[in-house]
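The chain that follows stands alone, in the form predicted on its own, written as structure tokens.
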């Protein structure tokens, strides 16, 4: 079946993140990929100065109304960075009205990292993001985001008991799948936890100290593409992790490419992983 995926997040024209990552990766996975940009920026905001920004929140309802008139529905809804509570409300409306029966809502609650919220967000935003993650079939947080969503103390050093407690608190119900990224029990490796129905699976992989901007978006998009190709959540988590590591490795050593990750030359590897 030729599936239609809707992804809602911003466009950073330069910077290899958000929609400029999601669109090519999902397309490479064989999905018809429909985008709904929540904002347009000339570049992303990490390291660039003087960037332009246009908020497109006011355009979203008109797009939704037009799609309703055209009887357009989707086989999954995947959200990334959302810049306001109003955008969260509009995503919930899409989830309630524009998905085919049984279509999953997959949410990457992109709002925090390294123990802190992104500067534009506050506790009220977190509460509203929790409304969205509670509604989702699959959520893809990092540890910082999981801590904010559950009111848990953030720790840089932890054990398996801490992670298990965190994902149990995060899961809205037994049917929801939590994919927790950046779970590292040692210095040499990191990994991803997949939790559902009280069962926790862990995929450990190589840890690369010097990361790249946009790898979270690469991971989430690769996960969605794999999952919509019929892979299990754990298989999808593993494929997304292996692909993301390859992208980072391909980018290493190029000091001129400090602003993003070279995911495009490695897309062939991702496609091969989907075929296995």
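Every value quoted in this text rests on a predicted model; they were computed, and no experiment measured them. Residue numbers count along the first chain shown, from 1.
The protein also exists as the form predicted together with a small molecule; that form is not presented, and the subsequent description refers to it.
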The small molecule isn't shown here, but in the predicted complex, which of 55-63, 23-31, 229-237, 211-219 has heavy atoms within 4.5 Å of it?
211-219
Hey, in the predicted complex, does residue 45 get a heavy atom within 4.5 angstroms of the small molecule?
yes
Is the gap between residue 118 and the small molecule in the predicted complex 4.5 Å or less for some heavy atom pair?
yes
Taking 4.5 angstroms as the cut-off for heavy atoms, does residue 81 touch the small molecule in the predicted complex?
yes
Is there a heavy atom of residue 41 lying 4.5 Å or less from a heavy atom of the small molecule in the predicted complex?
yes
